[in-house]
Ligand code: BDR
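Given as structure tokens, the chain that follows is alone and in the form predicted alone.
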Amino acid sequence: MLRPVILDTDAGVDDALSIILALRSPEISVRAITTVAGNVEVEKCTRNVALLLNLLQPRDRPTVARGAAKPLKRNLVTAPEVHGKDGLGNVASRRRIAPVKTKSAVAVMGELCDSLGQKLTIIALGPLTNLALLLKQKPRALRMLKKKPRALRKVGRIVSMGGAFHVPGNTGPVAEFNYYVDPDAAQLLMNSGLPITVIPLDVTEQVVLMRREVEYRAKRRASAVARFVLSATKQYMRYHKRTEGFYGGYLHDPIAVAAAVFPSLMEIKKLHVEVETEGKLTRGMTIAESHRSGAPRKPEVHVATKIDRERFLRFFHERLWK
């Protein structure tokens, strides 16, 4: 049986690459794609998912569900300078997409957690707002949905792209973008005791995709998906050229998908993680510590520390360009 997954996404450029990888990975079955505000507003995220599904035409089309339009307690911060105003390098704004009818992301997540339980993996590619809302949901609201309380407690695994431990942040000096956007949701999840694997910048910045390789591979394939990848990644890679000095891009979210499909790609440590929610200058900062013998046990998550870069790149290219 294929492993069922939910992709929870803020539908930027690297999210789009992740959706392509997930839908082309025969080891998993994408049951739902839920959207959350982050890289762009949630309306644009949902439209981008519809665009990708129309492009890819998967045989088993996943449910699309619209999620949180803003963080738990804060104003939304987006990243148009990285992903374009539409989230897909200004490619989506040039394409006509019919209005998308969607369900509630929290409701869909709850239904799948209830029905699939330990079999289900949630791959969270954006801020953790939707997961926090499901975790916090009160029994009355759950009864209205005909769901038992705390459906998220049944999930088998959550893979979250987020955090920065021993490297600088990509949103300010110390914070990774997803956890910066909604640090309150991230803090709630990190201390929930749920089975979470965190894929931080420490790992995702070990792999860079250069523009020249995208151009070379896209021209060899000459497919609609290859043309989309070539076009959608252009601004994303120009941003890194301007800010980091290389003409390419980090594969943050594709690495999270790879971690869910092939966990053996990662070296992992079990750590207690705190996310800064109060600091004026350190919002979204992640701090990790190991359990000390004799100290009270604190909730722990699995934190990826290293990736098998060559195996990951084989996985990435074989599936993205097929």
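Numbers follow the displayed sequence, beginning with 1. Quick caveat, the model's predicted, so the values are computed rather than measured.
Only in words, not in the display: the form predicted in complex with this ligand, which the text now covers.
Student: Sort through 170, 233, 197, 121 and report the residue having a heavy atom within 4.5 Å of this ligand in the predicted complex.
Tutor: Residue within 4.5 Å of the partner: 170.
Student: Flag this candidate site as yes only if 39, 83 and 176 all have a heavy atom within 4.5 Å of this ligand in the predicted complex; otherwise mark no.
Tutor: Checked in the predicted complex: all three residues contact this ligand.
Student: Where does this ligand sit in the predicted complex: which of 48-56, 250-258, 63-71, 273-281, heavy atoms within 4.5 Å?
Tutor: In short, 250-258.
Student: Can you tell me whether residue 134 touches this ligand? I mean in the predicted complex, with a 4.5 angstroms heavy atom cut-off.
Tutor: Taking the distances in the predicted complex, the answer for residue 134 is no, it never comes within 4.5 Å of this ligand.
Student: I'd like to know if residue 201 sits close to this ligand in the predicted complex, meaning any non-hydrogen atom pair within 4.5 angstroms.
Tutor: Result yes; residue 201 sits at the interface with this ligand in the predicted complex.
Student: Heavy atom to heavy atom, is residue 161 within 4.5 Å of this ligand in the predicted complex?
Tutor: Yes.
Student: I'd like to know if residue 125 sits close to this ligand in the predicted complex, meaning any non-hydrogen atom pair within 4.5 angstroms.
Tutor: It does: once this ligand is placed as it appears in the predicted complex, residue 125 has a heavy atom within 4.5 Å of it.
Student: Listed by sequence position, which residues of 1-24 have a non-hydrogen atom within 4.5 angstroms of this ligand in the predicted complex?
Tutor: Result: 10, 14, 15.
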